[in-house]
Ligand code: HEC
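Just one chain follows, in the form predicted on its own, and it is written as structure tokens.
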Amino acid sequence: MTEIPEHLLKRSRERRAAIGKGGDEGDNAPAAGESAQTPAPSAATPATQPAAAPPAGPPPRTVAPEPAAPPPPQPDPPYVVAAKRRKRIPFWAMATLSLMPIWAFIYVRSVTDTPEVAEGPLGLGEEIYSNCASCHGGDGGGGVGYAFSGGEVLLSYPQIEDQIRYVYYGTEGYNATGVEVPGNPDRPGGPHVTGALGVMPAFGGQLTPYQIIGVVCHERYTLGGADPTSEEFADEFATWCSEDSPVFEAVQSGTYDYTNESLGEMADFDITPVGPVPIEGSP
């Protein structure tokens, strides 16, 4: 047999030691010239297998089960299908459509007649009437005080001067002189007695003379229904309540005070003077 060189045996022992086999086993290796025979294990002693080393590195990953397939989508109802098929408004038309309300407003204003704004005594009287509405109603239908609407005020005061006089002096002024009926004592349906529905305050100290003319004109022609074009009221309206009323203009400018006994320059208008004290009934 060929003898193994010593340096090869040494290298073998070092390699075995590096892999954990130990270097002593190499010392027990058969020397050169000796038979390298290993006694066979006894039949009574079974050969033991070394335990398998655990695998190096992280544990193997498990593959997640695939999710179940989702159910098929339900078909759209017919109205949804119809809505999807309907043509959409182009985006460029949205700006035009957004202006439609403005155009509609302008069109309505263009074809709608502008309400006439009353001027002169009637315009002023409508503003002043807020002092009377709490008793006589916003539309003149009455309440605490007598009604004006439906011609009621015209039955009580056929002449505008008597109504102006009553508004100026009030219930106390008439009662002080023993007058219980400031208007028409032969009024259809019975006369309106002073204080029957409440005390009428004297507005002579609260309103100017031309403001009283204005509110009386509003009560007679706007609420009471007097026709300014009729033969009965045409002259009265032109003198007291029209926009160019000479009495209203003179009283407003201070050239005439309707509480004076003398008409002065106003005598040309042939009106019943509104005296300083109440008189009974209509003239």
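This is a predicted model, so every value here is computed, not measured. Each residue number is its position in the shown sequence, starting from 1.
From this point on, the text means the form predicted in complex with this ligand, which you will not see here.
> Answer yes if any heavy atom of Val167 is within 4.5 Å of a heavy atom of this ligand in the model of the complex; otherwise answer no.
Taking the distances in the model of the complex, the answer for Val167 is yes, it comes within 4.5 Å of this ligand.
> Would Gln159 show up as a contact with this ligand in the model of the complex if we use heavy atoms at 4.5 Å?
No - in the model of the complex, heavy atoms of Gln159 and this ligand never come within 4.5 Å of each other.
> Consider Ser134 of the chain shown here, and say whether it contacts this ligand in the model of the complex, taking contact as heavy atoms within 4.5 Å.
Taking the distances in the model of the complex, the answer for Ser134 is yes, it comes within 4.5 Å of this ligand.
> Is there any non-hydrogen atom of Val80 lying within 4.5 Å of this ligand in the model of the complex?
Outside the cut-off, so no.
> Heavy atom within 4.5 Å of this ligand in the model of the complex: which of Gly150, Gly138, Pro185, Gly195 fits that? Just give me the one.
Selected option: Gly195.
> Report whether all of Val144, Thr171 and Leu207 sit within 4.5 Å of this ligand in the model of the complex, measuring from non-hydrogen atoms.
The answer is yes: all three residues contact the partner (heavy atom, 4.5 Å cut-off).
> Going through 208-238, which residues have a heavy atom within 4.5 Å of this ligand in the model of the complex? Please give them in sequence order.
Heavy-atom contacts to this ligand in the model of the complex: Val215, Glu219.
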